[in-house]
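Just the one chain here, laid out as structure tokens, in the form predicted alone.
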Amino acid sequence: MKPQAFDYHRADDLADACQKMTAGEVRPIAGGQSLGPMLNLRLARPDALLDVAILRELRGCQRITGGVLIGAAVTHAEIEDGLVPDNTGGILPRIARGIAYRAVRSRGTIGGSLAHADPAADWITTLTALGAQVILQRPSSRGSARRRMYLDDFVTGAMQTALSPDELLIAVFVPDVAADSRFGYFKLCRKTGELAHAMAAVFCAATGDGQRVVFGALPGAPLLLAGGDALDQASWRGALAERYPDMEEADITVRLHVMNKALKRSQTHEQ
């Protein structure tokens, strides 16, 4: 199937991109690895595509207080190859390495993946567990306005986010991960490169009760458990049953298995 006809625009800079976002139904595109298939299947029918891949403001990375700011148009491959400052003890490049295939990683971007909000995407589950935030920008009477949101607030459902129609995801803030923190990640796929059927991430901060467990690849937004009960298996089962009362026992069992694998990896540093 071919996509519905659309206009194509390129932005000169970030301010120009934000302004162009106000002209009808406009979808920003960088790598196009997520949006492209949706266009071909006509699940997305925008009036225009706005090419933001070359915007300098979306291509940089910057160390700031408490973490690293990664531009939305940075590719998975660039993170995999160590071209982005890694403040996570290897978590970011390890996750990037497991995304689909190299050809996809060379084009797909971290911002595009988050804005697309596929429940089975690696970055959403991982970065929610790490407590990451997204930076959003929109035009305003004073030029532009920015807001910052935690990922668990940003992703509101399957393929749904808190992005306004005229808003652009411009960067991701990844907080510093202490060296003695623990992280485990596991996803269940039929074969390498396919989207996961179940996935989970476990993060335990080095100090305090900073425990975060995230279930991905669910019918809706990722399911986050945080705090002292986050590592309790009964809490996992209860949270799944509460969110999805119609979920079959077999599906819950599979997800608990995946969560246990992620937890084991966090305890043994298995990759």
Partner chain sequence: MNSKVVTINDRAVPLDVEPRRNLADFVREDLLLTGTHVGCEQGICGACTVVRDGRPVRSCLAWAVGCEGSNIRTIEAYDDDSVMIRLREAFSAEHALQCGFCTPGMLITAQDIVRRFAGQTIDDERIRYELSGNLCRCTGYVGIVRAIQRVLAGYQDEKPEVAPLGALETLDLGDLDAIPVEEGASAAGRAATRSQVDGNGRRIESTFELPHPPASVWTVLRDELPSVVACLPGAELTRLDDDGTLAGFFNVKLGPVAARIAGEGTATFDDDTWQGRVDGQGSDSRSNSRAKGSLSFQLEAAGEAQCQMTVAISFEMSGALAQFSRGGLVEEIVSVLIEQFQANFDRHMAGEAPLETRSLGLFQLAWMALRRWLRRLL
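Given the structure is predicted, the values throughout are model-derived calculations rather than measurements. Residue numbers count along the first chain shown, from 1.
The form predicted in complex with its partner chain is left out here; the points below concern that form.
Contact between His116 and its partner chain in the predicted bound form is found at the 4.5 Å heavy atom cutoff. In the predicted bound form, its partner chain sits within 4.5 Å of a heavy atom belonging to Ser106. Taking non-hydrogen atoms only, Glu80 approaches its partner chain to within 4.5 angstroms in the predicted bound form.
Its partner chain is not drawn, but in the predicted bound form it has a heavy atom within 4.5 Å of Ile64.
No residue in the set Ala206, Gly210 and Asn260 has a non-hydrogen atom no more than 4.5 Å from its partner chain in the predicted bound form. Residues Arg45, Leu49, Asp51, Arg56, Glu57, Arg59, Gly60, Cys61, Gln62, Ile64 are the members of 45-65 with a non-hydrogen atom no more than 4.5 angstroms from its partner chain in the predicted bound form.
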